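Next up: a single chain in structure tokens, the form predicted on its own.
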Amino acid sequence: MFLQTWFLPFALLVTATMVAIPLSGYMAWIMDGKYRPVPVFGWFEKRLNFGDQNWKQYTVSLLVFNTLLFIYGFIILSLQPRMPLNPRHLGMLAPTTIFHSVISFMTNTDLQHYSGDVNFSNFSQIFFCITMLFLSAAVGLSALTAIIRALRSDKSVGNYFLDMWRVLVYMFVPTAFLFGLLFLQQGSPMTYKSDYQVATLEPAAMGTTPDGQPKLQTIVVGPVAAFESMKMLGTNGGGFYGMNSAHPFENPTAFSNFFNTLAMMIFPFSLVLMYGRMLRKKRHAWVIFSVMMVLMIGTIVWAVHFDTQKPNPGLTAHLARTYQVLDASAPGGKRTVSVPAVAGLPVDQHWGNLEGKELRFGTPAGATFAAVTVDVTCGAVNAEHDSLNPIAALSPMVGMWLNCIYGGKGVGMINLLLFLIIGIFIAGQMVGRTPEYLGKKIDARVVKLAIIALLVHPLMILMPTGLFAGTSWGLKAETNPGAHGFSQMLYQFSSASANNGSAFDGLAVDYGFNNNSSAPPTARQWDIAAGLVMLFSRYLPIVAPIAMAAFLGMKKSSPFSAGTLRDDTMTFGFLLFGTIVIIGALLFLPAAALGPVAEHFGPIPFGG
């Protein structure tokens, strides 16, 4: 049983690390422009590279490009009813849902307030979703490359459009093609056809028509293999189907599940090592890699232990008990509540909590995937996160709150740099020495930019969560009362701010088509709020670190001395680890106590 539980996460971590070592060298080779393009590509690159850019020009190019992406995406989705490849004659989504969906895919979040197989035609899936999967993933990687060039004091941070080209053509397209073939071989559909009408094995299972004939089942298909490969490699996470990677067409077998999980890990792992290669500080990169690995192992072990190795408390017997709640009208300010005994159900739970799991992947696969998908800010799911044991659900939340455990393509490493700068600054203040990083003095301006970028994340989570939890906007959307309902809202904004995209799917936030007469009452508010959170949480933490790296790179290098804090030692690793854990706990522990922790220790079904 031990081997069955832990072999999958162990194999994934080892394989991803082994792949990352050579892949990081290839990526550094590409981004440093040391390759020799084929003539056709070389001709195009010379015209695309209109000149070197400083950090301001690079940032403006990034923002303008993403603005054009928003306009493009909004047009495509708004014109869905008039576009080809729509034999099911699907209509237009609600304008607020289009707003949310475009921002979601543009920011590499892919938090879906719709179901792809229900609401999107194949035209929208190809020209909106798949296109955005490639482009949004390349933005973060390009931003990290610019930061690396700034930190090593290059004359220019590069050219944004040339960097995007390099990432797309030399990294994403060939890798996505290979993984697409693998998923196709495993059983994922790859077709322009929209759906099949089939008779079920039980003819009356789908109901009957007015004339008494059995209804046919509609099976939606499309270019799923191509979608799935870049969805995972780009750590995008949005699903072709509403069930995401739990759907048998997106993720047919245990073998495909292993490569689905591996696909979302290889680029985030490689980027950390690419960072060291381009800075010529490989040992420093391995220290950072090791800190991230310890944090990832911690989240995986936590999720697997408390979900795969613990029964579902809702199915176990509970004795009668009483507890007290605050009540200003009661004597002494407290009111006693009695909870009757609950009988256990005759369910074999030796494999832990199986609610919401796809057992064709193996029992620990759901909990492992839940931890990994947030650590690398992918957001794809192969199990229902809303059904995780409450304390196990703390693992994906922590991954999103820290937002630097490998992270996505570039942004995770960028977020880690913020913790790194703050940790070095604190260490410098403790010993009375001006802090340095890469031989450059860290001044007040650099620290301020790091703090600003770091604080955007908790503010974008806690403020809207508090607003929605205290108003009818949240109360009308939650499907569970008390602590679990709060966890649903907290998870939603955590996912939006972390550019993750996974969700506690109990929230009623899917408005659907614009003519939907029975839409959830507060779905529009959730569309707008989550959209704005994704927008601010994506670009502010990119722009500020680019400026921070530029200011740091402009400084003269200080000679190495006996008092210099080395960045390639175990001591530095402990400093970085402690900074991440302590700051993360200070920012989010109160929210955790109100959500998954309170649910775990609270009354029936999880208390006692």
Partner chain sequence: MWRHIGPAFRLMFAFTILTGFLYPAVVTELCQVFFPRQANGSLIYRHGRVLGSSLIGQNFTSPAYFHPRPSAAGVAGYDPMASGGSNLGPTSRALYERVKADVAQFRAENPGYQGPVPADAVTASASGLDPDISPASAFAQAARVAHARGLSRRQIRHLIRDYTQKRQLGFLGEPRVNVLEINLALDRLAQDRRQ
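Numbering follows the first chain given and starts at 1. This one's a predicted model, so the numbers in the text were calculated from it and none came from an experiment.
Another form, the form predicted together with the partner chain, is not on view; read the next lines as being about it.
Pick from Trp286, Phe161, Phe74, Phe536: which residue has any heavy atom within 4.5 angstroms of the partner chain in the predicted complex?
Contact residue from the list: Phe161.
Considering Asp510, Glu478, Asp505, Glu436, which brings a non-hydrogen atom within 4.5 Å of the partner chain in the predicted complex?
If I apply the 4.5 Å criterion carefully, the residue I get is Asp505.
Is the partner chain in the predicted complex close enough to Gln80, Leu532 and Ala544 that every residue in that trio has a heavy atom within 4.5 angstroms of it?
No, the candidate spot makes no contact with the partner chain.
Would Thr191 count as touching the partner chain in the predicted complex under a 4.5 Å heavy atom rule?
Answer yes; at least one heavy atom of Thr191 falls within 4.5 Å of the partner chain in the predicted complex.
Is Gly474 close to the partner chain in the predicted complex, meaning a heavy atom pair under 4.5 Å apart or at it?
Heavy-atom contact with the partner chain at 4.5 Å: absent for Gly474.
When the contact criterion is heavy atoms within 4.5 Å, does Arg524 count as touching the partner chain in the predicted complex?
So Arg524 does not count as contacting the partner chain.
Test of understanding: in the predicted complex, would Asn389 fall inside 4.5 Å of the partner chain by heavy atoms?
Asn389: yes, in contact with the partner chain in the predicted complex.
Quick one: which of 148-156, 161-169, 267-275, 493-501 gets within 4.5 Å of the partner chain in the predicted complex, going by heavy atoms?
That would be stretch 161-169.
From first to last in sequence, which residues of 214-242 have any non-hydrogen atom within 4.5 angstroms of the partner chain in the predicted complex?
Those in contact are Lys215, Gln217, Thr218, Ile219, Val220, Val221, Ala226, Ser229.
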